[in-house]
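Quick setup: one chain, the form predicted alone, written in structure tokens, and binding and motion questions come after.
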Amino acid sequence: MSIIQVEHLKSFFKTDEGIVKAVDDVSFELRENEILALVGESGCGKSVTAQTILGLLKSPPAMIEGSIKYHGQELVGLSNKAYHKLRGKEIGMIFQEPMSAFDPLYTVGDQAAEAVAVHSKLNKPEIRDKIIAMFNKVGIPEAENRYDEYPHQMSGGMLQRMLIALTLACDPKVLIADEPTTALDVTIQAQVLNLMRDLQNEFNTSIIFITHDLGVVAELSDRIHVMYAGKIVEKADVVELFDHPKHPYTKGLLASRLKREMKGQILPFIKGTVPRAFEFPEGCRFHPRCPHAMEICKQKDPDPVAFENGHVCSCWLYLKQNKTDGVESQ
């Protein structure tokens, strides 16, 4: 059963340099009690997609079209007042930089208490007890003492745990995690990922996990959507995508993963960079970097092609095969 349905979502911005097509015709669903990963390089539109779902983009200047439904309720066009009730309580978000997510002038406990107070009828002692219990749940040592400390007194890993605890203390049904392990060292990353999986199982929370790290995706996610230049180019469950990647961009991302046997070798990479959002090329937006680009790729954006096991890919390689190999387009 779907808890969030996104259909033909567009998030554009008008600038002096042109129309920024940050998210362009994106569709996906988040199912109950699953972890869905949005994967792609920086500038692909992952974070803007999350911000649009949470209603964090003002319209204007943002131009938002399409549909976002949460349990059937349409969110596009929802008032700020209605969104205020929804954020935190129904949909929570863990931001990329935990240090910037906390106000340095207030203790972490006071900031967490303020968030919980907005969405509950608990009194101050009950709120404090709930937050300390959640601190303990995410593995923060000496939780009672930490409650009264300031952000600068803690490490990045500790703050990330506190941010997760703060978000979960409001009992959200959906959690959006935007690159939550990027600023952490490898050992802390592993702890945070294990923590998120354990908490997801315990609280039955549905998670949209945003990352550029396919190693993280393999450990955590149920399904993967690969984004490039504002569009989703491939969708599959995690095992299917790693075993049978279809899109050249997905294959490039997988080939770029670091491996132990690469020591002393030139590391693999995808040539070029993601184009700026107001300079997207005509046709398939990946064609300037694609080793398999054909003339049609430069002229027209490919339609999605459906394979077995719910695998979907938007690439002219498979639309071309459609005529002879029996592959059906959506």
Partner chain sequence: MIVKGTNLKKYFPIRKGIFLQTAGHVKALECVDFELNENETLGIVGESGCGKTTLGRVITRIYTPTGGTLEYITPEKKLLHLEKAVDKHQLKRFRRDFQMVFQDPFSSLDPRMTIGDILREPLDVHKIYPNQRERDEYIEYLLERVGLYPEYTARYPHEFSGGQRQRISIARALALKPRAIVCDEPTSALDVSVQSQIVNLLQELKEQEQMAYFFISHDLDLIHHVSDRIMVMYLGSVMEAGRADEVFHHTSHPYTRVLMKSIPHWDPKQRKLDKIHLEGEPPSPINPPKGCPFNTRCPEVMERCKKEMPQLQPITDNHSVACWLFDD
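Positions refer to the first chain, counted from 1. In this text the structure is predicted, and so the values were computed from the model without any measurement. If you superpose the two forms and keep the largest set of C-alpha atoms that fall within 1.5 Å, you have the rigid core.
The discussion below concerns the form predicted together with its partner chain, not included here.
Relative to its partner chain in the predicted complex, residues I188, R276 and R289 are all within 4.5 Å by at least one heavy atom. For the chain shown alone, L258 is a contact residue for its partner chain in the predicted complex, at least one non-hydrogen atom being within 4.5 angstroms. With a 4.5 Å cutoff on heavy atoms, E41 counts as touching its partner chain in the predicted complex. The closest non-hydrogen atom of K58 lies beyond 4.5 Å of its partner chain in the predicted complex. By the criterion of a heavy atom within 4.5 Å, P268 is counted among the residues contacting its partner chain in the predicted complex. The stretch from 152-160, 112-120, 80-88, 166-174 that comes within 4.5 Å of its partner chain in the predicted complex, counting heavy atoms only, is 152-160. Comment: its partner chain is not present in this chain, but in the predicted complex one of I127, A143, L214, L75 has a heavy atom within 4.5 Å of it, namely L214. E219 is the sole member of E97, E219, D103, D148 with a non-hydrogen atom within 4.5 Å of its partner chain in the predicted complex. Residues from 227-255 that approach its partner chain in the predicted complex with a non-hydrogen atom closer than or equal to 4.5 Å are V238, V239, F242, D243, L253, L254, in the order they occur in the chain. After superposing the rigid core, the C-alpha of P281 moves by less than 2 Å between the shown form and the other one.
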